[in-house]
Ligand SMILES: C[S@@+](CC[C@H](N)C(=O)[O-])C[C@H]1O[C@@H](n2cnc3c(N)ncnc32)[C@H](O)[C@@H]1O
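Before any questions on binding or motion, here is one chain by itself as structure tokens, the form predicted on its own.
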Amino acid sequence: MIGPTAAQHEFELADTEFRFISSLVYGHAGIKIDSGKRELVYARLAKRLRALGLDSFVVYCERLRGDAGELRQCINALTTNVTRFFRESHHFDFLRESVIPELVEASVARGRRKARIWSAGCSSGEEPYTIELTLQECPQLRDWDVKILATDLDTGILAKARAGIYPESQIEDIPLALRSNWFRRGTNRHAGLIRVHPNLQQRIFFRHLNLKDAWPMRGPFDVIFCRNVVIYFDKDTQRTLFNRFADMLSDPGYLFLGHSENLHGLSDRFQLVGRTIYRKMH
């Protein structure tokens, strides 16, 4: 169980406040919080109450009604950020072996040598950095105009992504050649940490974005990674999001989802071409 038992609760999270917080988070971010997440909500938001010096969830909910900054902190606290380098490695194999050659072949007809990739829900940055590591292994993209947009709802986790600093243990699964070329080990008080090489960060642009809001970018994107994000949305929100992704993708373009996600019954604008890999249909 996450958090203390009901008998140990420092604050009372009554049904009224739980429903208010759930409704607010759903309305702002599209994240569905059911009753099974009540202990998680308590555990994470009780920390906010302590940090703010508040004595009840009633007072905290009043704060949320009029404080956009605290609403953002609340959503940051309730979002889950679990990721790692080369997570679901078959996605990056497909990107390197299938998508990039197709882009290179199409560049002749398109008359442009550029690639645009979006990591939607980039969390602490491992995904966009892995995308760039994969592209660095594609010599046919040398001298191409490549940009990777990395967005997330959580402003705090975006700061970590931009910094590109991680525990050294997180790169153990990365091939040795890539580790030595693209990561720098910390020394002295930074021992045990690694930092992404600045050259790996040059083509990645981190931005805050709520997927429910209007999107400022125009696209089109050749590839969109949105992995382990839509599982937090209800079906109606998922349908809307997948339709917007299709509109934002080039023709053809690719959508990569997480291992437990799929488009079944949600969109007819994509064709399944691999494990949780979808190609936009003409």
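Just so you know, these numbers come straight off a predicted model, no measurement behind them. The first residue of the sequence shown is number 1, and the count goes up from there.
The same protein also has a form predicted in complex with this ligand, omitted here; what follows describes it.
*With the partner left out of view, is residue 160 within 4.5 angstroms of this ligand in the predicted bound form by any non-hydrogen atom?*
No - in the predicted bound form, heavy atoms of residue 160 and this ligand never come within 4.5 Å of each other.
*Would residue 74 show up as a contact with this ligand in the predicted bound form if we use heavy atoms at 4.5 Å?*
Close contact is absent here: in the predicted bound form, residue 74 is far from this ligand, nothing within 4.5 Å, heavy atoms only.
*Any of the heavy atoms of residue 228 lying within 4.5 Å of this ligand in the predicted bound form?*
Yes, residue 228 sits close enough to this ligand in the predicted bound form that at least one of its heavy atoms falls within 4.5 Å.
*Heavy atom to heavy atom, is residue 83 within 4.5 Å of this ligand in the predicted bound form?*
Heavy-atom contact with this ligand at 4.5 Å: present for residue 83.
_Within 4.5 Å, heavy atoms only, which of 204, 99, 209, 133 is in contact with this ligand in the predicted bound form?_
In short, 209.
*May I ask you to choose, among 113, 87, 147, 184, the residue with a heavy atom within 4.5 Å of this ligand in the predicted bound form?*
Among 113, 87, 147, 184, a heavy atom within 4.5 Å of this ligand in the predicted bound form occurs only for 87.
*asked:* Among the candidate stretches 62-70, 216-224, 28-36, 47-55, which one is within 4.5 Å of this ligand in the predicted bound form when only heavy atoms are counted?
replied: Contact-bearing stretch, as computed: 28-36.
_Where, within 127-154, is there a heavy atom within 4.5 Å of this ligand in the predicted bound form? Residue list please._
Read in sequence order, the residues that approach this ligand (within 4.5 Å, in the predicted bound form) are 127, 152, 153, 154.
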